[in-house]
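One chain follows as structure tokens, the form predicted on its own.
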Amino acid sequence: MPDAYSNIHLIVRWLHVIAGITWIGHLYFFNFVNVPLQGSLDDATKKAVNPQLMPRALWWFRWGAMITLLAGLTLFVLTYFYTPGAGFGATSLLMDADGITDRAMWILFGMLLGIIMWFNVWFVIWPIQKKLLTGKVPADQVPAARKKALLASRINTFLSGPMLFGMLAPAHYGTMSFGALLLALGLGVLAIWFSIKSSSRVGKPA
């Protein structure tokens, strides 16, 4: 790919994917591994383990989310609002004679869920976890704070399945319809539900 646009496009796409793997990988670690683990630890063990584990994991988690969002927005502009040689403006991938294309509707669906998930990371989960780790939450409010952070994390986990379907559909599925949208939501939520249910049993002696 000798032209600058193609090289930039590929680098941004690579950054979006590798940051997304980091973000969603840590999301799944927290929900499928860490939540069951924390439930099995006593308070003394939590005090010894969590100050070492959680700041590191949360750093990769939140910055993975940020870079995924920024690279994704850049990739969206490069793909749907820029034509090499012509400049900025809606491309044929975004709009055709019938209006917004099915491809664009899928990516917008995925982006909407991704932005909700990013918001939960930076404005719900991380602020609560930072206060918990630094002891700034009064003891009587700790259970409620943990519950709120877990709820936001669970929401993100359930949204991740349909979000990933929306990200992959433009290149591999194409057609947007009410039935296809229900399929994306159903498959995504079902896969996450099964994973959460299985996480409490995985790793236990047979």
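Numbers follow the displayed sequence, beginning with 1. Because the structure is a prediction, the values reported are computed rather than measured.
There is another form of the same protein, the form predicted in complex with ligand HEM; it is not shown, and what comes next is about it.
- Taking non-hydrogen atoms only, I107 approaches ligand HEM to within 4.5 angstroms in the model of the complex.
- At a distance threshold of 4.5 angstroms between non-hydrogen atoms, A57 is out of contact with ligand HEM in the model of the complex.
- In the model of the complex, ligand HEM lies farther than 4.5 Å from every heavy atom of W126.
- Although the partner is absent here, T79 is a contact residue: one of its heavy atoms lies within 4.5 angstroms of ligand HEM in the model of the complex.
- Looking at 81 to 89, 129 to 137, 94 to 102, 108 to 116, the stretch with residues near ligand HEM in the model of the complex, meaning non-hydrogen atoms within 4.5 angstroms, turns out to be 108 to 116.
- Put simply, of V17, I11, L190, L183 only one has a heavy atom within 4.5 Å of ligand HEM in the model of the complex, and it is V17.
- With the partner removed from view, the residue among A144, A48, L168, I155 that has a non-hydrogen atom within 4.5 Å of ligand HEM in the model of the complex turns out to be L168.
- Using a 4.5 Å cut-off to ligand HEM in the model of the complex, each of I24, T68 and M163 places a heavy atom inside that distance.
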